[in-house]
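Okay, so we've got a single protein chain in two different forms coming up as structure tokens, structure 1 first and structure 2 after it.
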Structure 1
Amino acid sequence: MSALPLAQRIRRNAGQIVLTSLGALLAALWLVPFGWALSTSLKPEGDTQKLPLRWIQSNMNLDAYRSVLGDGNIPKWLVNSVIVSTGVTLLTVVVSALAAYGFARTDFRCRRVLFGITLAGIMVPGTVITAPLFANVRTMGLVDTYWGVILPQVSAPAMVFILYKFFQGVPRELEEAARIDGAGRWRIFGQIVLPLSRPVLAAVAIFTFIASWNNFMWPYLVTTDPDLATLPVGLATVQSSFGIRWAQLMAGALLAALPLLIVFVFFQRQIVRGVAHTGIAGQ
């Protein structure tokens, strides 16, 4: 065996060791606040701020979780979050896919102008349009309704752009062959383009679900009925009624994040695959 391949293997192994160590370090940095939140949620309230700070102590218990689950309306808020996030996700996928396909594969007057206006929505902070959006929702009589929470979140220019880049990468020969066989525009879209787009559609759906689940400001503004509160809004009201109690605050935060962790664990492969397909289409 020559010295050159051995040197190349050493450099390659050294590079893998460095990358693996860097990945482990970044993972540890991400897990530290999560672990600290878990540790704090299990401590008695009087010990959460006691010095020196300790990760594990003998008197840990589940009192904070019992308090949050017993004093709040967690099951109702959880159902509300599932309804809102699922509705936002389904409508966003449908609307974004139709808009992106129209911009990517059809020719109509003012297409570039309309696409530019759509992309401009990415650069406008959400807080800027909150007041006029709330005024419109109130005028339509949608305050304190599921539709009032769901519909304003359906507009997602970033998702339109992601799908637009993917649809641009779909070979036109497939559409032309289907058109020769007599397929119309809707049939091509439903039977050819959408099945090819499953990975990126899954990624868009997961990103939208996570964003909607974590959205606190809009559901807080548009709902005054406690029975319509989503999980983040409901947990915030419970915390406000207790004041700043760190153990319950951390317990509530972990309970709110638990469904998202489950989604990520089961669908992480679809997320990676969707992002990879989108990157290929954008080249």
Structure 2
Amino acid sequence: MSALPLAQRIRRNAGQIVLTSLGALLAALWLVPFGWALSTSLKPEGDTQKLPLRWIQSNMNLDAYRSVLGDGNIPKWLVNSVIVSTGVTLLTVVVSALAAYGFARTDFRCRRVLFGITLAGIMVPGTVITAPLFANVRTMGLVDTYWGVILPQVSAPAMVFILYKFFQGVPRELEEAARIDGAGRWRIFGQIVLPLSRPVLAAVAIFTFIASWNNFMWPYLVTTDPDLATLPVGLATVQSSFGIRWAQLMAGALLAALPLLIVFVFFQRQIVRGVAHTGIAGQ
């Protein structure tokens, strides 16, 4: 760096300053909705619709959060969301990893045909099968149960494909060596392949979790019991009964957004890598 001529260094720094300012401006613009929600949620209910609008005022407090949390519904929906999303994520990871390994590294009759059918499923958009899926889930007696919410979200052919691609890249020598030592297929899978696949498993898990946490349509359709509502469904249905209590609405919205934002801050690297991976796998 220091070997560069002074003029070039200055030009480079000036470029960085311009870019950073532009970035800061856009980032600020991008974060405005969050900021405004935060500001509204801290106002007394009577002040949310006062003109002119103010971002900061002296009588801000946490009342809206207190009443939202004290209401009991949001904590209940939060628990439901945790149960559903954790269930979907665990089942998807286990089932998809097994299937991907089966398709990538074992042989059985009709393997190619079954894999082809699995790949074709990636093209099937969830919304297209919603109506018949609901009718079928209903005949299975799963409406208004956790299983009815969870199981249909587990059939994720795209995740199988991502893991399949990864397992194909695991060196065969490792497996051969283990086999010579007398390990069976299941031990090879559990003790050699899975530990190697931690990053891609994490990516699949995080993506499944985000998708499931934010899924609105399916839980909305398959549950009528408000006690089974997940957070997005509960929030959407309660909007009207809150009327125009904007401070509480915004407090609830921010509380609902918080878990995933925390997940993102902690797993940023995996998520970024996961997006890249998922994207490339989709080609």
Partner chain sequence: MTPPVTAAAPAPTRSRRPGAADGGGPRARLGRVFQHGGWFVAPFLLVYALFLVWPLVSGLWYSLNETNLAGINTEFIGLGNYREAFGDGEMWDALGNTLRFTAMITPLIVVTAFGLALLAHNIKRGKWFWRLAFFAPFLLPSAVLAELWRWLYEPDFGLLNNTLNHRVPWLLEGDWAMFSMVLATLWWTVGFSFLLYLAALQSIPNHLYEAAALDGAGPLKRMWHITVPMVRTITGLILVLQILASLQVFDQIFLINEGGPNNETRPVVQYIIQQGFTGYRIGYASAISYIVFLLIVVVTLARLWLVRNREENIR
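When a residue number appears, read it as a position in the sequence of structure 1, where counting begins at 1. We call the rigid core the largest set of C-alpha positions that still match within 1.5 Å between the two forms. Being a predicted model, the structure only gives us computed values, none of them experimental.
Looking at the condition given, the form predicted in complex with its partner chain, one finds it describes the source of structure 2 alone. Residue 229 shows a C-alpha shift below 2 Å between the two structures [criterion: core-superposed Cα displacement of 2 Å]. Taking 2 Å as the criterion, residue 39 counts as shifted between the two structures: its C-alpha moves by at least this amount when the rigid core is aligned. Residue 25 shows a C-alpha shift of 2 Å or greater between the two structures [criterion: core-superposed Cα displacement of 2 Å]. Note on residue 253: its Cα is shifted 3.8 Å between the two structures, core used for superposition.
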